[in-house]
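Take a look at this one chain, the form predicted alone, written out in structure tokens.
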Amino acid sequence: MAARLDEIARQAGVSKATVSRVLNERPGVSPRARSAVLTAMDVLGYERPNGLRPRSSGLVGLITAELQNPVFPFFAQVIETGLARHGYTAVLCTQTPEGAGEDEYVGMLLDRGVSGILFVSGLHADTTIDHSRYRGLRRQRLPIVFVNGDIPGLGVPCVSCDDVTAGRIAARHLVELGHRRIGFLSGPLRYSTVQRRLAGFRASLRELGLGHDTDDLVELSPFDVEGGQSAASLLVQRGATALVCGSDLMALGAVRAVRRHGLRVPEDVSVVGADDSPLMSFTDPPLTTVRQPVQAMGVAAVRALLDEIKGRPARAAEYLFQPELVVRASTRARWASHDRNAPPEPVL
């Protein structure tokens, strides 16, 4: 290291102490001296530390969960379009079980000198992981923004759907239709988005006088069609007449499970999805779902990141966007379970 400092100092025409201050990002170095040291490193073929690498003004990293769920391509489209309008190009990085993970993508993006990174439903939503990876990015002064999955105290802007409200309105809709055995199925509980939606679901049932004995009507499984089918099968066997699902893909799996039990949707079991992914109005039956405001959220996330890049950071807070219940043909009124000829019980 000492030999390298000597070589860089000679090439730059400065002292070793100046080189050391530049490499450690310490104050007290003039812009001219700093530029000379960095140029000397480039000429000599030494790799700059991450914090000293030049950032392209035109590239922004966009790290998303797998694209199997149609809501993630929708987010990517909105964000890429928003960035392009401001002269930035999104570098899309998709996480898959067999492919590169988030940390590998972050390293690649830093090597490419991106101006910032947007994380959509990534590891930041996992409450069990070490968040030091994001603290490191903040120390490097790299602008970052989260979508769906706030980390309190980190100082990173986050744009989220109000999952508590989403769970509430799905449960209320089914209770108003006369359902009393309402099942909840979603992804693993370690994700903050799942925790919030389940909390809203349970709170709504309590408020409507149905909060007792609901634990047997909650099933958590992978966020995909197969996970939805497996969880829904168990809930239907326990007597659920309606299902609140954590994603539209899980809802499609739930519909399949209901039919494999010889039942019909919605005549025997009502199903509510989440997100209102593209094409959900064309499924059989068209899916009732809780729409996530992807367009507004994507635009807000781009704006927050650009403000960070331009040195006008927004307040480091979570910005909640309200979901909307979209009623289609996968839900219908059900008579009270004790008398199939009676009208639904009134909602308290």
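Quick caveat, the model's predicted, so the values are computed rather than measured. For the two forms, the rigid core is made up of the largest set of C-alpha atoms that agree within 1.5 Å on superposition. The first residue of the shown sequence is 1; numbering continues from there.
One more form of this protein should be noted, the form predicted together with the DNA, which is absent from this view; the next part is about it.
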- Query: For G28, is any heavy atom within 4.5 Å of the DNA in the predicted complex, or not?
  - Reply: yes
- Query: Does V326 reach the DNA in the predicted complex, with heavy atoms at most 4.5 Å apart?
  - Reply: no
- Message: I'd like to know if A33 sits close to the DNA in the predicted complex, meaning any non-hydrogen atom pair within 4.5 angstroms.
- Response: yes
- Message: Is R21 near the DNA? Define near as a heavy atom within 4.5 Å, in the predicted complex.
- Response: yes
- Partner contacts for 5-22, taking the DNA in the predicted complex and a 4.5 Å heavy atom cut-off: L5, G13, V14, S15, K16, A17, T18, S20, R21
- After superposition on the rigid core, does the Cα atom of A329 shift by at least 2 Å between this form and the one not shown? no
- Query: Does R26 show a Cα shift reaching 2 Å between this form and the one not shown after rigid-core superposition?
  - Reply: yes
- Message: Taking 2 Å as the cut-off, check whether the CA of A300 shifts that much or more between this form and the one not shown after a rigid core fit.
- Response: no
